[in-house]
Structures are given as structure tokens and as C-alpha cells.
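Heads up, the chain below is alone and in the form predicted on its own; it's given as C-alpha cells.
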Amino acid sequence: MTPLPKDEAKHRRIIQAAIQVFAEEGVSNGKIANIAKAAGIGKGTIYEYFRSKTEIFLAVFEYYFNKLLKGYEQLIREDLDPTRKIEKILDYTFDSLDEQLSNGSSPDWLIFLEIFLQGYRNEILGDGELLFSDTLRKMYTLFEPLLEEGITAGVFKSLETEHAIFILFAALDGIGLHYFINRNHYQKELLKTTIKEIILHGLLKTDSRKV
């Protein structure tokens, strides 16, 4: 467990400094001494808050995903019908990715991708404390009641919710990556509208389906 921080402001400053250093040097090459320098504190002070670079990486990982999950939780609690909630969740997910990826002068988009790569690497190799699948499971579990609500209300198709949520977020991850690579070729708001149309209504016209 990460030691409880003595100073929340300093704790946040270390995380922000780690984001900068990891973005510039990579997670593997980023040194605690450089994180301390970027945070404007002594190297020894880092160890008052984190026992290792791995703990710092975990804190950066939690910083991004807790922020994302908090936004999802707020949207799910809103007094809206299931369809409108899904629309707002799709907008929120895309806007969050766009915020991270679109500012080329910020280190955020670099570390955002690095976090995903390092998380997958740890998961596959069984190395480190980060279990990426556990974090994704928490996110999927958060959305299951929403899909079940829509199915019960007769708004959504009767699908197996766990697999439906997996497909939804796998699609959004892919959209985010492709948008990052080719974002100058697309109109953001039109792309968001098209995403919602395809995910909520599919590609086929209702009367074109064969039973």
C-alpha cells in the first residue's frame, strides 16, 4: 500500500511531475531523481510518499482512471432515460480521450498511451502490481445496471450485458486511437454524432434485416 501522503498538494505535485517525466523519458527510463527535480523537491521527499517508482506509476494510473470513473458515476446517477445516459457517456468518453490526445504541446497524451501500454505489458507478463483487467472489470461492472435498466424498460435489445459492455468500450478505445492518429481529417462533433448513431442504432435499417 502507498503510504498516506503528509501533504495532498505535494502528493499531487509529485504525480504531475511523474506524468511529465514519464511522458518525456518513458515509464521504464524515467528516474525518481528527475521526478523530484520536476516537482521541485528533494529525492528523499519522494520516498515519504512513495516507496518505489512502481508505486508512482500506480498513482498516475489511478489518477487517470479514477477521474474517468468519477465522471461515469456522475452521469449514471443523473435522472435521465437509459438512452440519453448512453449518449452522454459516449460524448464524455470521446471528449475525455480528445482532451488527452489533442494537445500536442502537453505531455498528457504521451503518458496516456504509455499507461495503456505499460498496463497491458504488466498484465501479459504477470509483472508488477498493476492488474489492468481488474480496473477494466470495475468499469464494466459500473455499467451493467444501466444496460439492464434499458433492457427491462424495453429500450435496449435483450443482450448479454457483460459482453455488450466489453464490445462498447473496446470500440471506444479503438476510436480514440484512430482519432489520435487521424484527428486532423475529421470533424469532432460530426464524428461524435456518427458514433452515437452507429452504436445506438447500428448500420442496418430496421426493415432491411432478414429473420
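Heads up: residue numbers just count along the shown sequence, starting at 1. The structure presented is a predicted model; accordingly, all values stated were derived computationally and were not measured. Rigid core (definition): largest C-alpha set, two forms, superposition within 1.5 Å.
The form predicted together with the DNA is left out here; the points below concern that form.
Participant: Work out which of the listed stretches, 59-67, 26-34, 165-173, 181-189, brings a heavy atom within 4.5 angstroms of the DNA in the predicted complex.
Facilitator: After filtering at 4.5 Å, what remains is 26-34.
Participant: Under a 4.5 Å heavy atom criterion, is Pro145 part of the interface with the DNA in the predicted complex?
Facilitator: Pro145: no, not in contact with the DNA in the predicted complex.
Participant: Using a 4.5 angstroms cut-off on non-hydrogen atoms, would Glu149 count as touching the DNA in the predicted complex?
Facilitator: The answer is no: Glu149 has no heavy atom within 4.5 Å of the DNA.
Participant: Using a 4.5 angstroms cut-off on non-hydrogen atoms, would Lys196 count as touching the DNA in the predicted complex?
Facilitator: Residue-level check for Lys196: no, no contact with the DNA.
Participant: Contact with the DNA in the predicted complex for Ala38, defined as at least one heavy atom pair within 4.5 Å: yes or no?
Facilitator: Judged by the heavy-atom cut-off of 4.5 Å, Ala38 is well away from the DNA in the predicted complex.
Participant: Even though the chain is shown alone, can you say which residues of 44-71 have a heavy atom within 4.5 Å of the DNA in the predicted complex?
Facilitator: Contacting residues: Gly44, Thr45, Tyr47, Glu48, Tyr49, Ser52, Lys53.
Participant: Would Pro145 count as moving between this form and the one not shown, using a Cα shift of 2 angstroms or more after superposing the core as the test?
Facilitator: Result for Pro145: no, shift under 2 Å.
Participant: Rigid core aligned, does the Cα position of Tyr49 differ by 2 Å or more between this form and the one not shown?
Facilitator: Shift of 2 Å or more: yes.
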